[in-house]
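Next up is one chain by itself, shown in structure tokens, the form predicted on its own.
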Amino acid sequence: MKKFVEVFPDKQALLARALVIVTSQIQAAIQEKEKCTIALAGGSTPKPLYESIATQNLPTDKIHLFWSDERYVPPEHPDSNQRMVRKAWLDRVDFPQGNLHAMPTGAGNPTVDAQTYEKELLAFFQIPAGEFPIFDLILLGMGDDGHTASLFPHTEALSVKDRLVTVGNKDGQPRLTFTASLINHASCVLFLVAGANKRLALEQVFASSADPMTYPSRLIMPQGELWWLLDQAASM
């Protein structure tokens, strides 16, 4: 794992750097293998990044988008991560619908939908059950409790090591989420963390020793590159 930590004076500068990294990762992947696979994050921090990406001249026919987690709500629901990304980015460009791989939330059973999405990932990456796909880029945020994706402190999802997708739990509300094992197979993981409310958790995530069950972002140690982009307010 190659780890990079960069601190910026404000969120705007952080997002400008994130745009450079994302576009360079896309270009590198496409040059190497004619396509790029990205797993997107929800939350408020990456939304302006998606709005910036929408202004770039990207070969969308060669980009495949997935989601690293999703609230268990219909895609048109205000809390839907898919809806947020569509409004910020995808509705503004000519993006092939066949290249969008949203998490399903319509079965009425999050476990069933998690299994469905896992099967979709296996089929897309053309790998057998039991293996893990390698995403070119996974975008992540971090909550003030140290969670990432929908891997929340002291929840069952943190212990799932043999699956790609599992059911997360936020205050009794189910979510679909990539497992830490899947995230850790990525070529590049990019954390975007802004705000003073993240500082205490970030100190524990970066500490030499702390409990990953309490601070789940500590579980993220990809085989490729790990980028942490922080604004000054969040950094120690």
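Keep in mind that what you see is a predicted model, and the values were worked out from it rather than measured. Each residue number is its position in the shown sequence, starting from 1.
Just so it is clear, the following notes concern the form predicted together with a small molecule, a form of the same protein that is not shown.
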(Q) Even though the partner isn't displayed, in the predicted complex is Gln82 close enough to the small molecule, meaning a heavy atom within 4.5 Å? (A) no
Q | Pro174 within 4.5 Å of the small molecule in the predicted complex, heavy atoms | A | no
Q) So in the predicted complex, does any heavy atom of Gly43 sit within 4.5 Å of the small molecule? A) yes
Q) Hey, in the predicted complex, does Thr166 get a heavy atom within 4.5 angstroms of the small molecule? A) no
Q | Contact segment among 182-190, 28-36, 65-73, 203-211, judged by heavy atoms lying within 4.5 Å of the small molecule in the predicted complex | A | 65-73
Q) Looking at Pro133, Gly143, Pro153, Pro104, which has any heavy atom no more than 4.5 Å from the small molecule in the predicted complex? A) Gly143
